[in-house]
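Only one chain comes next, encoded as structure tokens, the form predicted alone.
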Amino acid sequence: MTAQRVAVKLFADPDPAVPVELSPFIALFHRFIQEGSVEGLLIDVADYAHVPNGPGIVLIGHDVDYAVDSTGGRTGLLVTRKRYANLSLADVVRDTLRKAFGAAVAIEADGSTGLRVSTRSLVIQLLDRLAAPNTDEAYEAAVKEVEPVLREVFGDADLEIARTDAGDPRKGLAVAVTVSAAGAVDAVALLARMGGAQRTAPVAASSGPESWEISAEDLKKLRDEAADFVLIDVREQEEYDAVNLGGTLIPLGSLGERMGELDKGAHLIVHCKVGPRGAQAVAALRGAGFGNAWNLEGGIFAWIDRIDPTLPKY
């Protein structure tokens, strides 16, 4: 099953039925864009606060959207994954869950909105009525792919997996998940379990050694000297197809599950388009024990601007 969009909603804690003041999220989401606080290529913020029980405030991205959503009268953090080519449903759900936990950690760490979300109750939505119709057969196929991911994420916790809006063709296919109180852990622990890294400040903004960056000129020197290093491109497939430096493509959303392909002792150089995603990847790699991982400052655009202007920008 390959739905065109997959969403995960984590509900407000302790009571999603209690209205949340939405206006603080406008400033917060703009900060997230500036600081690269959450995963994805972030573009803009949309305000739908005037719509009762609606989409609320949406942080719009190229490959993922984040929203404080009140649809159905239940407020929560809604993370919608899109533009993921031919990944399996299991891979997309795993990636969307990690992004949701990462956004929850970032929102709670900031503290300006007062929102806290529960990791004990969530809904996975398959937003494609053609590929994932709301039928018994589609639900069974979806659970077959999704349940192993949930077991992987939540470990030995007792899970209740149920279908919402069963058989209603006007509604998208959705899977509701409830985690037992005994097995529940917070978003920080779940994010770490999935190979993510908490982001409370932009790595690229640091001027000290913690920035873990190299310049385009440094990368060129390493290439000219035929140095032993691994170049990793953490953009998406369509970006790689548009222009690339010949690195190994591991999209940021897949990094956690693909770290096993990499040698912890290797010299790793990571790049994205302009820097923030590469910085996130390096922070995650170093947090996982890859002590010689570095981010290309300014991403592939810096390489084009300063080393090879014959390459196209996109």
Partner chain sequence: MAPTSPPSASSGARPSWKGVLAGAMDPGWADEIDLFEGQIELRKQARIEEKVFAETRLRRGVYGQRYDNGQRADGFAVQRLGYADRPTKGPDTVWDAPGMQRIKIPYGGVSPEQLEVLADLAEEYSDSILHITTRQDVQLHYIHIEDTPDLMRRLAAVGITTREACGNSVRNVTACPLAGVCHTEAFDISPYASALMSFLLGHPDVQDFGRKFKPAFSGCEHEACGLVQMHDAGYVARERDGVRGFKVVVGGGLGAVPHQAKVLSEFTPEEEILPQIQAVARVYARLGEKKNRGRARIKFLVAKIGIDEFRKLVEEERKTLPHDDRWTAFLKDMPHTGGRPLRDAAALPPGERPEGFDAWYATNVYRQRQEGYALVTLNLPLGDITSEQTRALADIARQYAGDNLRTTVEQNIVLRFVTESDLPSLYRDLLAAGLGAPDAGTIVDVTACPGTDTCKLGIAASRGLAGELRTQLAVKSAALPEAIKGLKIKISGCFNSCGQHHVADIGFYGNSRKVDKRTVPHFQVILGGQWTENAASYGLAMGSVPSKAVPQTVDALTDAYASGREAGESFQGWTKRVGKRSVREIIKPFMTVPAHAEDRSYYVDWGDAREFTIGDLGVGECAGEVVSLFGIEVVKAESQAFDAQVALDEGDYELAEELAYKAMCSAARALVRGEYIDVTEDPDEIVREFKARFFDTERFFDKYARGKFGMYLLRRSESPPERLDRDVAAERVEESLLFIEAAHSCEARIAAAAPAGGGVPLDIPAPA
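No experiment lies behind these values; they were computed from the predicted model shown. Between two forms, the rigid core is the largest collection of C-alphas that superpose within 1.5 Å. Numbering follows the first chain given and starts at 1.
Keep in mind that the form predicted in complex with its partner chain is missing from the display, and what follows is about it.
K.L.:
Report the residue, out of R116, R193, R120, R83, that has at least one non-hydrogen atom within 4.5 angstroms of its partner chain in the predicted bound form.
P.N.:
By the 4.5 Å criterion, the partner-contacting residue is R83.
K.L.:
Of the options A138, L159, A184, V230, which one has a non-hydrogen atom that comes within 4.5 Å of its partner chain in the predicted bound form?
P.N.:
Only one listed residue qualifies here, and that residue is V230.
K.L.:
Counting only non-hydrogen atoms, which stretch in 143-151, 129-137, 174-182, 98-106 is within 4.5 Å of its partner chain in the predicted bound form?
P.N.:
The contacting stretch here is 129-137.
K.L.:
Within 4.5 Å of its partner chain in the predicted bound form: all of L22, R74 and D110, by heavy atom?
P.N.:
Heavy-atom distance to its partner chain in the predicted bound form: none of the three under 4.5 Å.
K.L.:
Quick one: is I250 in contact with its partner chain in the predicted bound form, heavy atoms, 4.5 Å cut-off?
P.N.:
Looking in the predicted bound form, residue contacts with its partner chain include I250, since a heavy atom lies within 4.5 Å.
K.L.:
G287 near its partner chain in the predicted bound form, any heavy atom under 4.5 Å?
P.N.:
Taking the distances in the predicted bound form, the answer for G287 is no, it never comes within 4.5 Å of its partner chain.
K.L.:
Taking heavy atoms and a 4.5 Å cut-off, does I269 contact its partner chain in the predicted bound form?
P.N.:
Contact with its partner chain, yes.
K.L.:
With the cut-off set at 4.5 Å between non-hydrogen atoms, does S215 touch its partner chain in the predicted bound form?
P.N.:
Yes, contact at 4.5 Å.
K.L.:
Would you give me the residues of 263-300 that have any heavy atom within 4.5 Å of its partner chain in the predicted bound form, in order from first to last?
P.N.:
Contacts from 263-300: D263, G265, A266, H267, I269, N292, W294, E297.
K.L.:
Can we say the CA of L262 moves by at least 2 Å between the shown form and the other one when the core is superposed?
P.N.:
Comparing the forms between the shown form and the other one, which are aligned on their rigid core, L262 does shift its C-alpha by 2 Å or more.
K.L.:
Quick check: F11 between the shown form and the other one - does its CA shift reach 2 Å or more after fitting the rigid core?
P.N.:
No.
K.L.:
Is there a C-alpha shift of 2 Å or more at P52 between the shown form and the other one once the rigid core is superposed?
P.N.:
After core superposition, the C-alpha of P52 moves less than 2 Å between the shown form and the other one.
K.L.:
Between Y240 and V38, does the Cα distance in the predicted bound form come out closer or farther than in this form, changing by 3 Å or more?
P.N.:
Farther: Y240 and V38 separate by 3 Å or more in the predicted bound form.
K.L.:
Which way does the C-alpha gap of S37 and G265 go in the predicted bound form, closer or farther, given it changes by 3 angstroms or more?
P.N.:
Relative to the shown form, the pair is closer.
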